[in-house]
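Next comes just one chain, in structure tokens: the form predicted on its own.
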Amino acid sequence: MWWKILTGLLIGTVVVLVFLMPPPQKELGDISRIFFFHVPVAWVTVLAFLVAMVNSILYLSRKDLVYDLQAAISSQLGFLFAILATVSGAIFAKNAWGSYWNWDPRETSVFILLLIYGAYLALRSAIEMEDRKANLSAVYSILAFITVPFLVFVVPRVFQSLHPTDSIVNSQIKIQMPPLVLLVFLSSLLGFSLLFVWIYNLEVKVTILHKKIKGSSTIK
């Protein structure tokens, strides 16, 4: 319970500090404050899809439908956080570049991820047999995650992008942010990561309980 209280306090503190401290980038002004939310939700997107892949591997090795359930929930949360990253990025793009959507490499990469994992969710909803759904979904999840590092970390650095490439670290892998900005940023990363763990665990428990109430014999 204590870590849940810590998560709430941490995120609340981050929100207050983000709007009390000077903008992290003077040239962009107040819109640069969205950086403290946009990057963490993008990070949680990758984290959630990673958890989904790990659960998919565990399902294929152990054939326990609990792992399939956890993979599905993590993918759903990853999809949700990807939408949040897209929306927050679009708000920034409108103020910084004059348009909500510019087909920037990073924008395009996230859009492709939404299509990939949207197809995963559609696949699950189209198959009724639990074992067949779990097997196909697990294989798809593993293959889908292979694209995540490529789309998130490689493509935006290969092609010219409107996004600044040295906001966090420079080409020499040295941190570029002042101490206070770095502290708030890392606190936001931690807070949103803990929030994901909280929602993920809660959703897993609620879904398993719901299945037990319905009398399902596949989830124990």
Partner chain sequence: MGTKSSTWTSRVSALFLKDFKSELRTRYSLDALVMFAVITLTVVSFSIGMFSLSSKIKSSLFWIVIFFSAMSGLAQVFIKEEEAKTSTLLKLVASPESIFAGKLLYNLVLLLFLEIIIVPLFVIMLGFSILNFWLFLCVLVLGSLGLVCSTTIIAAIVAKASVKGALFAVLSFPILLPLLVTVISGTNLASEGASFSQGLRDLQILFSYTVVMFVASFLLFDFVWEE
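Small disclaimer: the values here were computed from a predicted structure and weren't measured. Each form is matched to the other, and the largest set of C-alpha atoms that superpose within 1.5 Å is called the rigid core. Residue numbers count along the first chain shown, from 1.
What comes next is about the form predicted together with the partner chain, which is not displayed.
A.B. asks: Quick check on this chain: which one of 116, 110, 77, 96 has a heavy atom within 4.5 Å of the partner chain in the predicted complex?
C.D. replies: Of 116, 110, 77, 96, the residue with a heavy atom within 4.5 Å of the partner chain in the predicted complex is 116.
A.B. asks: Even though the partner chain is not shown here, does residue 66 get within 4.5 Å of it in the predicted complex, heavy atoms only?
C.D. replies: Contact with the partner chain, no.
A.B. asks: When the contact criterion is heavy atoms within 4.5 Å, does residue 73 count as touching the partner chain in the predicted complex?
C.D. replies: It does not: once the partner chain is placed as it appears in the predicted complex, residue 73 has no heavy atom within 4.5 Å of it.
A.B. asks: Check residue 60 for me: does it contact the partner chain in the predicted complex (non-hydrogen atoms, 4.5 angstroms)?
C.D. replies: Close contact exists here: in the predicted complex, residue 60 approaches the partner chain to within 4.5 Å, heavy atoms only.
A.B. asks: If we define contact as a non-hydrogen atom of the residue within 4.5 angstroms of the partner, is residue 140 a contact of the partner chain in the predicted complex?
C.D. replies: So residue 140 counts as contacting the partner chain.
A.B. asks: Counting only heavy atoms and a 4.5 Å cut-off, does the partner chain in the predicted complex sit next to every one of 135, 146 and 154?
C.D. replies: All of them do, each having a heavy atom within 4.5 Å of the partner.
A.B. asks: Could you list which residues of 72-104 come within 4.5 Å of the partner chain in the predicted complex, counting heavy atoms only?
C.D. replies: Nothing in this stretch is in contact.
A.B. asks: By the 2 angstroms cut-off, has the C-alpha of residue 148 moved between this form and the one not shown once the rigid core is superposed?
C.D. replies: Yes; that C-alpha moves by at least 2 Å between this form and the one not shown.
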